[in-house]
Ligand code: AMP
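Below you'll find only one chain, the form predicted alone, shown as structure tokens.
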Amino acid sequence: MVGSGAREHALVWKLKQSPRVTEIFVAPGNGGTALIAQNLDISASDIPGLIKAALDLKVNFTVVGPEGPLAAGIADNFLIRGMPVFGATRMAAEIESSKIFSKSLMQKYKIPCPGSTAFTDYAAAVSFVKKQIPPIVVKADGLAAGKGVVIAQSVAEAIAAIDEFMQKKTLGEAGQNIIIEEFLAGREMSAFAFTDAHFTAMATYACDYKRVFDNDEGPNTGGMGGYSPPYFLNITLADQVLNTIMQPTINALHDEGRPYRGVLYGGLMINNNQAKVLEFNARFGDPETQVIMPRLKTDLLDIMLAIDERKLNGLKIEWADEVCMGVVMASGGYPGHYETGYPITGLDTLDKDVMVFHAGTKTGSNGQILTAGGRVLTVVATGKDLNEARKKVYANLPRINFKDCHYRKDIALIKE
């Protein structure tokens, strides 16, 4: 398993349940994966190091969690050596690593999405924005770890975002080119489809919360919590997402000579029971993975092997009817500056049916779990409905503590 977040911990937790799995290595992993697998001191971006480790350890199958290594071509490097891997190739992963490519693909193949214009020139972008009516969406073209989208409430705020991205280069190369996009109102939903480049199995759906504070206030983060399935999901909407968005996108990538194998994540906006694509990601989401893996009844390794062997059509993927929700515990100051290295207490005091997936954690010299990142833990529970799952999580959250920790109090609080 390549990666170090709560997504990777959740995937390792699920893969470990497969009777075919005897040993799991995680590179580099975290304090949570160290409890159930063997961590390797290799960066997720060190592709030669990961290949060497896989060969030395006689690894049969590799799973790539984060987008960075996929965009850098890790899957291509494994496949060219005949080493099975779960993850999109570099050209297929461009659906995430370049918003300009992704948007042009959607426009060419008439996949429902908001209107947008791409810019490589700062002055042209500013001139265009001055003629727009807020809110205005400004997106960096490249990978920006969830920090490349600004929903500007004024023209001045939009110009400031363009300045940050293109002039001040706060996102480096990722912000050199930008997209200015039509603002869409509605409910956000994440859709996940397993595909072997031909057959597409709709995996499941989830909702996440990107703003750092309650009531969707404060800056965007990598995600502060989520739940699955969405309470507003119905068969009509699910069919529309599969038939007008996910399958056509996978077909389009195939037609463009970029066959997509793995899991495709569609970030959608729902309005009047109709979906449009805000963005695509070339991997499982975080924190969505933490709330969909506990609902998966089918052996995850069977799914991944079926994709690798182009036999997904012959596999039935089943999901539990239960609802699952999770809340992210973060370091004080996240997504801005934060301190790390603080001891985490209370992890051994939780109810038996509550799960904790580690993200920014490490094991200290005395075996103590310490904070090591911005998003530290995702606390997760399932229930017969959203309310039951929510009560379990929020009853257990106060038992966990580390210096300056904070979390949202309104995850999965449905106000309708």
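Residue numbers here begin at 1 and follow the sequence given. This is a predicted model, so every value here is computed, not measured.
Not pictured, yet referred to below: the form predicted in complex with this ligand.
K.L.:
Tell me which of 300-308, 183-191, 337-345, 72-80 has residues with heavy atoms within 4.5 angstroms of this ligand in the model of the complex?
P.N.:
That would be 183-191.
K.L.:
Within 4.5 Å of this ligand in the model of the complex - does that hold for a heavy atom of every one of V327, V379 and K392?
P.N.:
Not a single residue of the candidate spot has a heavy atom within 4.5 Å of this ligand in the model of the complex.
K.L.:
Looking at V149, L312, M106, I100 here, can you tell me which has any non-hydrogen atom within 4.5 angstroms of this ligand in the model of the complex?
P.N.:
When this ligand is considered in the model of the complex, the option within 4.5 Å is V149.
K.L.:
Work out which of G332, G172, G218, P114 lies within 4.5 Å of this ligand in the model of the complex, going by heavy atoms.
P.N.:
Checking each option against this ligand in the model of the complex, the one that comes within 4.5 Å is P114.
K.L.:
Does K210 make contact with this ligand in the model of the complex, using a 4.5 Å heavy atom cut-off?
P.N.:
Yes - in the model of the complex, heavy atoms of K210 and this ligand come within 4.5 Å of each other.
K.L.:
Contact with this ligand in the model of the complex for L278, defined as at least one heavy atom pair within 4.5 Å: yes or no?
P.N.:
Answer yes; at least one heavy atom of L278 falls within 4.5 Å of this ligand in the model of the complex.
K.L.:
State yes or no: in the model of the complex, is some non-hydrogen atom of V137 no more than 4.5 angstroms from a non-hydrogen atom of this ligand?
P.N.:
Contact check for V137: yes, within 4.5 Å of this ligand in the model of the complex.
K.L.:
Even though the partner isn't displayed, in the model of the complex is M269 close enough to this ligand, meaning a heavy atom within 4.5 Å?
P.N.:
Although this ligand is absent here, M269 would touch it in the model of the complex, with heavy atoms inside 4.5 Å.
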